Ligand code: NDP
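Take a look at this single chain in structure tokens; it is the form predicted alone.
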């Protein structure tokens, strides 16, 4: 069965690219919570399994996660679509250049495929955009985007010269947190701006356990012969209802995994298709929002 994919739009300096709809997150890597060798192996295993996109940030372990990624990509940089993020206070006209160069050094590479503003801060978006365009002109990044940005800031970005070259908005999204479906996702879909979903398994709290143990989720998992986590991933990357072509998607999920069986399961979720009946049952158990909600951020 073919894997689920998402196409990122072309920008001023990069062609459109089609990627697997599940990538690899690295939050909490490099913190000593797992042996470093296991983290490196997990990322390499994910690449071998086809999860080409690797997402990291200068914030994660104060650059330690980038160092883990750099080690994992030694000798195989061409296998990965590499994403990193800049702190909002480092997103200035010159400070973003310096921050990106530090990230590149930790990642042992000369370019990022995608560079994101981690979340909005006090530095005006037009200044950050200028820095991103300079980095792109210098060949240090191929594309730029944003993270944890709601409609108001996206509208500001869209109004700036060059702002529509934004490639993606990375936000928290999972079955238990659907607030973006009311206003943000429709806004992005009207403009062809894909979304990257972090914490698609509600990692980092008790909510994860409640989602994975929810009777509707576990029943659907049993019916499909898969794990509850795979159901949550397949739900997150389900085809958008905005297109009649059922295989067209605009959501990339980036779960983190260390254990080999979890890496393998994440990759296998790329071929899992939930039918309309299963999706309707999940909608009934976890209602989509009826009004705009504050952007969920962790």
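Numbering follows the first chain given and starts at 1. The structure displayed is predicted, hence computed values, not measured ones.
Another form, the form predicted in complex with the ligand, is not on view; read the next lines as being about it.
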Option touching the ligand, based on a heavy atom within 4.5 Å in the predicted bound form, out of 270, 61, 258, 47: 258
Single option in 73, 151, 185, 202 placed near the ligand in the predicted bound form, where near means a heavy atom within 4.5 Å: 202
Stretch in contact in the predicted bound form with the ligand, which is absent here, among 216-224, 142-150, 89-97, 186-194 (heavy atoms within 4.5 Å): 142-150
Any non-hydrogen atom of residue 265 within 4.5 angstroms of the ligand in the predicted bound form: yes
4.5 Å heavy atom contact, residue 55 and the ligand in the predicted bound form: yes
Residue 198 within 4.5 Å of the ligand in the predicted bound form, heavy atoms: yes
Proximity of residue 236 to the ligand in the predicted bound form, heavy atoms at 4.5 Å: no
Residues in 65-89 close to the ligand in the predicted bound form, defined by a heavy atom within 4.5 Å, in order: 85
